[in-house]
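Form predicted on its own, single chain, as structure tokens, below.
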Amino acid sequence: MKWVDIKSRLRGWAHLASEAYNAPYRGTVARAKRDQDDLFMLLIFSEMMGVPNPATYYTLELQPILLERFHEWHTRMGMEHSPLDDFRCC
């Protein structure tokens, strides 16, 4: 066997071991990230929903960027229709 062949096999086994170790935590990490993103969306759009937000001045310019993901967010939060009076996405 050549040294290069052994190295590539060892890399393959190391990758397999890493995947086997990380697999149980992927769902937990993805869920935590989704929860954090949901809280961030609530912070960004809270003023439009009538919740006072002291950081509105700083988050106002993020609204157009996050508007694309707004429908996905409000359906995941259990709201069948858009909670915003002036904005209908459904």
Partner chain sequence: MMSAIVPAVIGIVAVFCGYLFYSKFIAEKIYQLDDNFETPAHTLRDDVDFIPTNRVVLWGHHFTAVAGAAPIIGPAIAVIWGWLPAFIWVIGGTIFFAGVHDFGAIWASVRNQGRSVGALTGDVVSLRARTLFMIVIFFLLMMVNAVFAVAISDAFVATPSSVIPAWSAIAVAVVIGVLIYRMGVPILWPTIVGTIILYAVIYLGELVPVALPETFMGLGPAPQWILILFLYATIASLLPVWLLLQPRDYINGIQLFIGLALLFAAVFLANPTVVAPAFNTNVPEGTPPLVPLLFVTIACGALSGFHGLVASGTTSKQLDKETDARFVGYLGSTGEGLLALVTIIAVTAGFSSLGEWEATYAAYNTTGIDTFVTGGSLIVADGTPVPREFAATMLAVMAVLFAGTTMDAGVRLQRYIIQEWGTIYKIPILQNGYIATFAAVAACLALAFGAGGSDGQGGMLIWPLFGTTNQLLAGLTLLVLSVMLVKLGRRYIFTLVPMVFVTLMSLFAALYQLWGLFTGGQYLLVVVDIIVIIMAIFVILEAISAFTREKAAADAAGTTVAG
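Since we're looking at a predicted model, the values are computed, not measured. Residue numbers count along the first chain shown, from 1.
Below: the form predicted together with its partner chain, not depicted.
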item: Contact of Pro24 with its partner chain in the predicted complex (heavy atom, 4.5 Å); value: yes
item: Non-hydrogen atom contact Leu39 with its partner chain in the predicted complex at 4.5 angstroms; value: no
item: Contact of Ile65 with its partner chain in the predicted complex (heavy atom, 4.5 Å); value: no
item: Non-hydrogen atom contact Glu80 with its partner chain in the predicted complex at 4.5 angstroms; value: no
item: Partner contacts in the predicted complex for 11 to 26 (non-hydrogen atom within 4.5 angstroms of its partner chain); value: Trp13, Ala14, Leu16, Ala17, Ser18, Glu19, Ala20, Tyr21, Asn22, Ala23, Pro24, Tyr25, Arg26
